[in-house]
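A single chain, nothing else alongside it, follows as structure tokens in the form predicted on its own.
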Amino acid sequence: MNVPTMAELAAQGKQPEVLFWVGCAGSFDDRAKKITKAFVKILNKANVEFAVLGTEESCSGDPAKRSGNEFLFQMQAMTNIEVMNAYEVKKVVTACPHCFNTLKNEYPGLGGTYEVLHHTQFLKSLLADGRLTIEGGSYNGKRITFHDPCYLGRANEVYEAPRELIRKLEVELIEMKRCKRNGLCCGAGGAQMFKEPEKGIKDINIERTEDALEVKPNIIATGCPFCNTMMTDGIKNKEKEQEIEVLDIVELIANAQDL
């Protein structure tokens, strides 16, 4: 796969159109790596000049900040900002809403001001510019429901970009009763991904999975690696993994185009 680093391009005197911020999940989690690869395939197909930081990329600091360690967050953020500013980064795209929210809204206060886009927003712009075409392919006519990630939806009010991409797949987009501004968290936000849940009668991801099952989808589409994990675990809990797939929007697009 063609994945250049910022260091390699800088050595050639080149500046990419966009920095692809991979994030910890997309780099290290085996399931999320598939999302990363799908997005890279789409970027290459659309002839987008992009680069990653590679080993120079550290955690955005989101989990540290959400769990209350402001000192660690600022250390991580400042390290990343120094690297990005040294490369004169202007535009950043990421497949993780947690990274998206942190880089977009919290880095400017520490000296890191960039145009930050979620991967669905970036693909929507490529679509509008005619650089990307999306066809239904094998997903034609399938019932798909979209789970709004908290840090994409309610935190940043990005609702239409992911839905627009899903509709291009010529599918039946069906909304859960709790969606958009009323969407329910998958249970992984606010650094909850990394700890055991408190005592209660039901895990949040099970509750959210039940919301999805109500609308009888063939596929649950996500736009966040954490949501993907939580919804996948929910589907396994309900023993529905043979009937229902959980896929990121970029995986849907890449699979439909046979990339």
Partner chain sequence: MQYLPNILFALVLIAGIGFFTRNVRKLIRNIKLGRAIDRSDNAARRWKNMAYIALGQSKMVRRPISGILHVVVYLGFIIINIEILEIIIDGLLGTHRIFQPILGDGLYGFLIGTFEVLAFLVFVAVVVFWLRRNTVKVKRFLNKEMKGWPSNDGNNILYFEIVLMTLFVLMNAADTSFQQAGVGNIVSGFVAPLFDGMGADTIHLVERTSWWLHIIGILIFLNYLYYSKHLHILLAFPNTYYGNLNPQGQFDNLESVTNEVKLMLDPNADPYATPAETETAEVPEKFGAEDVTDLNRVQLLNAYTCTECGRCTSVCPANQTGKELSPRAIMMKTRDRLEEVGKNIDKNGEFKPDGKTLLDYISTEELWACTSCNACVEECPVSIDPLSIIMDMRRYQVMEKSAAPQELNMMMTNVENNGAPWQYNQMDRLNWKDEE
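Numbering follows the first chain given and starts at 1. Treat the numbers as computed from the prediction; the structure is a model and nothing was measured.
What follows is about the form predicted in complex with its partner chain, which we do not show.
Check your understanding: Taking its partner chain in the model of the complex as the reference, which of L19, V246, V22, I249 has a non-hydrogen atom within 4.5 Å?
Key -> Only one option qualifies, and that one is V22.
Point to revise | One stretch from 113-121, 168-176, 137-145, 68-76 that, in the model of the complex, holds residues within 4.5 Å of its partner chain by heavy atom | key: Of the stretches listed, the one contacting the partner is 68-76.
Review point. Can you check whether A46 is within 4.5 Å of its partner chain in the model of the complex, heavy atom basis?
Key: No, no contact at 4.5 Å.
Point to revise | Close approach of D203 to its partner chain in the model of the complex, 4.5 Å, heavy atom | key: The answer is yes: D203 has a heavy atom within 4.5 Å of its partner chain.
Exercise for review: Answer for C185 alone: is it within 4.5 Å of its partner chain in the model of the complex, judged on heavy atom distances?
Suggested key: It does: once its partner chain is placed as it appears in the model of the complex, C185 has a heavy atom within 4.5 Å of it.
Check your understanding: Could you tell me if G189 has a non-hydrogen atom within 4.5 Å of its partner chain in the model of the complex?
Key -> Yes - in the model of the complex, heavy atoms of G189 and its partner chain come within 4.5 Å of each other.
Exercise for review: Scan 45-59 and write down, in order along the chain, each residue with a heavy atom lying within 4.5 Å of its partner chain in the model of the complex.
Suggested key: Residues within 4.5 Å: V52, G54, T55, E56, E57, S58, C59.
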